[in-house]
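The chain below stands alone and is given in structure tokens; this is the form predicted on its own.
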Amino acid sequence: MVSKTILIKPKTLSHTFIPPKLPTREAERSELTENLLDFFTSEEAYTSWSLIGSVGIGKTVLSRRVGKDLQEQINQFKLAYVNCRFSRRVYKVLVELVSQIEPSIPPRGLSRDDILNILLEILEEKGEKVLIILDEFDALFWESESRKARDLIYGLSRLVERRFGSPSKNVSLAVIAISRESELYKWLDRAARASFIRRELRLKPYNASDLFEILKYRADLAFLPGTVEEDSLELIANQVAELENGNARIAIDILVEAGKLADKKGDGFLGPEHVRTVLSQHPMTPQIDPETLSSLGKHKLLIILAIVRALKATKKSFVTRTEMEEFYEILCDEYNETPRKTTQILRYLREIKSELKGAIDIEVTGRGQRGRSSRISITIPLDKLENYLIKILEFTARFERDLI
């Protein structure tokens, strides 16, 4: 019996995986790598970059990819990475960094200055070039740790001068400090800010197109070729861009869960309905119940049911208004209703998008067809929604008959 497992490399979808390429971030990757290569081949002793941006927009994977790029191109190079939000204590952050750069330094029993001095001596002796990545660095600035954090970054920026009062020609230190917001600067006094931060890179949130490119690349790495329908990826990308500010981590997590579901069902492919099932269970997607639907009115219910029928017939993640209207006219005949004109249908669609935000999306686009058209998608399982709609419409029909 041939296995229908399609998710063959799940590790390539983990948060810790550093992919060979960074779709939509290659320009920033080149900028950082080239600048740091120039620094490490110069006689400068210290430089730094501040990476700023919201959650899930690629700050960590960008910095770690750049670190790997430098490892492949520079001799006598050391890379140290620590997530400050996990450590929470400045001394613990310093110990973790030093243990990665030089494991021979005792992890306990030394002051911060002792650790930095010993580290500098070893680096000078070996002629090391060092890149330190401080992820979630702004997490250290709380209560009593704030002053210690300022002292640490000032100490790092002046590390190569601390023994002789002038830069060591045998040591090069670069720091990438990652933070969510630029308010990090309010915690730094003028001396620390001027000494520590040399360059800044602000990353813009991913849009739906960016997320689709990322998901497509990761899907190609993780799944059997040809088993992931692009419509499914687009459905994830649109939903996460709309409701989660383009958080790529959430988008990739949804792809993982949809792949596991497809494998569990033995379908041999990942399609839109797998994604809808996962999205319906995600906190970002509003829950739709019969009471909510009942409040919409009969014609809106017929339109939503027409969307469901069109999606099931086409097996796509979205349908156009024209495709939906074919099913709408059939349903109006079935329920003894006069079909509304296109202008009224468009108004209903706008209202439905607002009333069921996150569950039904209507996007005006010209992609994939001539001219501009409405692309309509649903992010909850179609069978479940269809059953709700039919029951409500049948109840409404019985009520109307009783009134006659």
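Here the structure is a predicted model, which is why all the values come from computation and not from measurement. Start at 1 with the first residue shown and count on from there.
This protein has a second form, the form predicted in complex with a small molecule, left out of what is shown; the following refers to that one.
Heavy atoms of residue 248 reach within 4.5 Å of the small molecule in the predicted bound form, making it an interface residue.
Among residues of the shown chain, residue 180 is one whose heavy atoms approach the small molecule to within 4.5 Å in the predicted bound form.
Mapping the unseen interface onto this chain, residue 396 falls outside it, with no heavy atom inside 4.5 Å of the small molecule in the predicted bound form.
The small molecule in the predicted bound form is not approached by residue 382, whose heavy atoms all lie more than 4.5 angstroms from it. Picking from 214-222, 234-242, 275-283, 312-320 the stretch near the small molecule in the predicted bound form, with a 4.5 Å limit on heavy atoms, gives 214-222. Proximity to the small molecule in the predicted bound form, defined as a heavy atom within 4.5 Å, holds among 50, 60, 374, 47 only for 60.
Although the small molecule is omitted here, in the predicted bound form none of 344, 353 and 356 has a heavy atom within 4.5 Å of it.
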